[in-house]
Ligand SMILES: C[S@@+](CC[C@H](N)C(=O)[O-])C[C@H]1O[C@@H](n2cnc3c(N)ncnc32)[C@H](O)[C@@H]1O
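Okay, so here's just one chain, in structure tokens, the form predicted on its own.
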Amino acid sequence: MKHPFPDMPAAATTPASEISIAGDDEADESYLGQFIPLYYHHNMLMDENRMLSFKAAIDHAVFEGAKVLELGGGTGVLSCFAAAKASNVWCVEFNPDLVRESQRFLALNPHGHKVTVIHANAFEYLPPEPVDIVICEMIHAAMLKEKLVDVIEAFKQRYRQRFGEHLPVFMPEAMVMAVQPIQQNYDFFGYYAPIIQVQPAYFSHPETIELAAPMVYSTLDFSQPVAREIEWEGAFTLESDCVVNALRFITKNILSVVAEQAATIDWFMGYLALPLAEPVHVKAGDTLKVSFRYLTGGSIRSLENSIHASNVTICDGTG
């Protein structure tokens, strides 16, 4: 895959003042991750891109003697990374099984004794004193399903009420999200199944044909107020004769800003490929119009159901 962000044409995000999406607030068993089984966390610990990116960001952002809070600590690994320099780390986890396991793991690791694991709801917890950095890895592709935006915005409100206007640095500091039209092979050994896919980042995907460069549709900066509503409309000029049968959503997590180098430490999540309800036939040079809307933390289905894609060239009678 082409690198998804350098020189990418950007389009403005237009937050909706009110968005009502059927099924968006449906009960979701992945809510706050409390039902994610422990064995799934093995996959997360084995994810080299995730682990090394967060480790580098934490090594950069956490200074000697810092106070660090992690919301949604899971196995405690990110809190343990922070404890290498921090004087105190509070690790909040809602799943009682993970609370017990993270305490056990931390006891086996250097600096683990500086981490206090707390069984609490990330929507409600406040540390006993001001903190310098808040780590929250409640992240899903396109900012769906996981409740990071809600958690951070609620935290900001109660933190200000308790400790004043000066907020800690958040990790990730920001997200940049992009969308790309693709032609995806949905033939599985002779069985046609247009199915939602999560494609590993940083790898080539021979079953995927990229039909235009990705376009940025939203940037979330957690140092500023962040709204849940995302609404976007844009147009792509297609590069070849093809059938657009899916959109690929690319999520770049800016974990830490390295100001002195004018650089960032980033983590690209797996790309979310959503099949279109109606594939669109296009020729090279045609214009594909795409629109969608959803709420961060909402269901994948709510985004999928909101997608509209059409060949504007044919619709305008110019094809």
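Fair warning: this is a prediction, and the values are worked out from it, not measured in the lab. In this text, residue numbers run from 1 along the sequence as written.
What follows is about the form predicted in complex with the ligand, which we do not show.
Novice: In the predicted complex, which of 162-170, 133-141, 185-193, 202-210 comes within 4.5 Å of the ligand (heavy atoms)?
Specialist: Flagged stretch: 133-141.
Novice: I'd like to check something about residue 276: if you look in the predicted complex, is any of its heavy atoms closer than or equal to 4.5 Å to a heavy atom of the ligand?
Specialist: No, no contact at 4.5 Å.
Novice: Do residue 120 and the ligand come within 4.5 Å of each other in the predicted complex, heavy atoms counted?
Specialist: Residue 120: contacts the ligand in the predicted complex.
Novice: Using a 4.5 angstroms cut-off on non-hydrogen atoms, would residue 41 count as touching the ligand in the predicted complex?
Specialist: Yes, residue 41 sits close enough to the ligand in the predicted complex that at least one of its heavy atoms falls within 4.5 Å.
Novice: Does the ligand get within 4.5 angstroms of any non-hydrogen atom of residue 88 in the predicted complex?
Specialist: Outside the cut-off, so no.
Novice: Counting heavy atoms only and using a 4.5 Å cut-off, do 214, 239 and 286 all touch the ligand in the predicted complex?
Specialist: No, none of the three is in contact.
Novice: With the ligand left out of view, choose which of 78, 246, 149, 177 has a non-hydrogen atom within 4.5 angstroms of it in the predicted complex.
Specialist: Of the candidates 78, 246, 149, 177, 78 is the one lying within 4.5 Å of the ligand in the predicted complex.
Novice: Of these, 103, 219, 197, 95, which has a heavy atom no more than 4.5 Å from the ligand in the predicted complex?
Specialist: Checking each option against the ligand in the predicted complex, the one that comes within 4.5 Å is 95.
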